[in-house]
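We begin with a single chain expressed as structure tokens, specifically the form predicted on its own.
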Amino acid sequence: MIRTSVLHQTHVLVSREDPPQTPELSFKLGEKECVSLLKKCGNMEEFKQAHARILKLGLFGDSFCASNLVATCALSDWGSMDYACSIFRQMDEPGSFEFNTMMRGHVKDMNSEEAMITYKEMVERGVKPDNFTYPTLLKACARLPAVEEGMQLHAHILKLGLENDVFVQNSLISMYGKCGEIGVCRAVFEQMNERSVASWSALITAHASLGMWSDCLRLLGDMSNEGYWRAEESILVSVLSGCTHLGALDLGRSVHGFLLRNVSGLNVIVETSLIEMYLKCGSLYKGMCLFQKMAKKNKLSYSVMISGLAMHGYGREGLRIFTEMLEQGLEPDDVVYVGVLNACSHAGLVQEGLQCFNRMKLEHGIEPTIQHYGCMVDLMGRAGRIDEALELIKSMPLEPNDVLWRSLLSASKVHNNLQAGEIAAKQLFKLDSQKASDYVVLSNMYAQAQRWEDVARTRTNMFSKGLSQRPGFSLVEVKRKMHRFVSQDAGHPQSESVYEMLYQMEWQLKFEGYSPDTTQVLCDVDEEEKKQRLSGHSQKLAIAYALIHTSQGSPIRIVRNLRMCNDCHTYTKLISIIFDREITVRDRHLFHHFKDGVCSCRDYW
């Protein structure tokens, strides 16, 4: 519908003949006219006309009308805080409602500092804050973040006796969580006499913001046990993030089922979170189906889908989705192009990656960031074009960071380019690398070259800096519970049965011609000990546990924190055909789907 300009609607805001200003003018009629005028406003021009009309009628002196003027101007999407401030300054004795409104307006405008200044003025003028004052201010502290100011506000809350107000408590939980004070956040929650769904939401979101995904899932269980199973969408998005990071697909499916049963018409944010959960938990087909069924897709939806396809090694499909996005008239940004370049990298599409990199600059005017250069170094490194990757790093206009050098170091190890590996490691050490993995990779390259003195020197340097190697582990989901294994694990409650199954697996593998790849054990030990070390890798233990506790033919899903070795890759391909299982392994940021003795990566990773 075409809206007529306010200049041609004088009958709406301005009467042709002003009513006489008599004492008989009803107080209630004045309030009613004020509200009616303000409700009709859709932009600042109309609002200013309404403001002029209210002044002409002499209604501004009425605190109700003045308050509504401030609230409309400060809180409307089309409003102006500068104009709202000018109205506020004309009020003789603004009360808590007016101060609260101004603080809400400043926070809405992302001006948290001004909200705090307004609160200070409120206190200095002797206006008593109420339970509507502090949720806004605590939100401002969370955004800054300003935990010290938040703690001072907490003290004010206690002094005024507002500590049992559920809205104030929920805001305290959210503020402390977003400021990283998870201990205080939990303490506030534990002290609550009555908890609402919003209380649980604030607590779960606080844990999610700190990446405490296991705690998110545990809290959802506690929430359900206390009878609060009708969770808000915001809680479920946080829980979906937990499932995504932990690879807990079964629990993610349960959340999806709950949403379908209880929420009609999922919004694009929830739908995108579901897609991301399925993609990052290894269920590419389900994620793709949800994406295709979306009634409305936005830039984030496309970005998640492209990145998901990249993770699974489906680079060409990712490029097809990117083309579809452009055809829909959506303009790509730097984040979308990171996904596109990763899709090319993980599928070995070197020429396509170079074309996309140039297209990003020339066609879409996006200046490459350090992340884009990182994708290109990874692209060339994976393809074995180590020298070209090194030249790109040297020629880029940005200062290379540790991620680029680490990517080159990793590629150098895979392709046995010790010279480039030494250059990358030297640059990392210049940047004062605090990652033990950098020293370990260089040490392993020296071990492959049987330069044992260099191995000892590199390890000594690592230990002298107080760095220790992060142990590799594998998580496997069985009956909605995540089970964790480390290499040579003997601490699991069922380790005895796991090693018995491992023995059976190895016995059957011999008939398939499997021989352990002992070149993967980079220690100066005899051949038998190398075989023993290989057999106890965490991924193999996780597979053994899953074979024991899952039904014949059911899929196995594993999440690793470190890159899979060549021997585990070969081993898992053979296990998939011997036991007729589909095995999905999330190798840090990539997926390998093993089925019928073949891996989806086509041995390129």
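So that there is no doubt, residue numbering starts at 1 and follows the sequence shown. Everything numeric here is computed off the predicted structure, so don't read it as measured data.
Only in words, not in the display: the form predicted in complex with the DNA, which the text now covers.
**Q** Tell me, which of 342, 458, 417, 170 has a heavy atom within 4.5 angstroms of the DNA in the predicted complex?
**A** Checking each option against the DNA in the predicted complex, the one that comes within 4.5 Å is 170.
**Q** If you check 382, 178, 106, 413 against the DNA in the predicted complex, which one has a heavy atom within 4.5 Å?
**A** For this set of options, the contacting one is 178.
**Q** Looking at 418-426, 296-304, 494-502, 353-361, which stretch has residues with any non-hydrogen atom within 4.5 Å of the DNA in the predicted complex?
**A** It is 296-304 that comes within 4.5 Å of the partner.
**Q** Does residue 282 make contact with the DNA in the predicted complex, using a 4.5 Å heavy atom cut-off?
**A** No, residue 282 stays farther than 4.5 Å from the DNA in the predicted complex.
**Q** Counting only non-hydrogen atoms and a 4.5 angstroms cut-off, does residue 476 reach the DNA in the predicted complex?
**A** No, residue 476 stays farther than 4.5 Å from the DNA in the predicted complex.
**Q** Check whether residue 67 has any heavy atom within 4.5 Å of a heavy atom of the DNA in the predicted complex, and answer yes or no.
**A** Looking in the predicted complex, residue contacts with the DNA include residue 67, since a heavy atom lies within 4.5 Å.
**Q** For residue 433, is any heavy atom within 4.5 Å of the DNA in the predicted complex, or not?
**A** No - in the predicted complex, heavy atoms of residue 433 and the DNA never come within 4.5 Å of each other.
**Q** Establish, in the predicted complex, whether 81, 117 and 145 all lie within 4.5 Å of the DNA, using non-hydrogen atoms for the distance.
**A** Heavy-atom distance to the DNA in the predicted complex: none of the three under 4.5 Å.
**Q** Can you name the residues of 376-414 that have a non-hydrogen atom within 4.5 angstroms of the DNA in the predicted complex?
**A** None of them.
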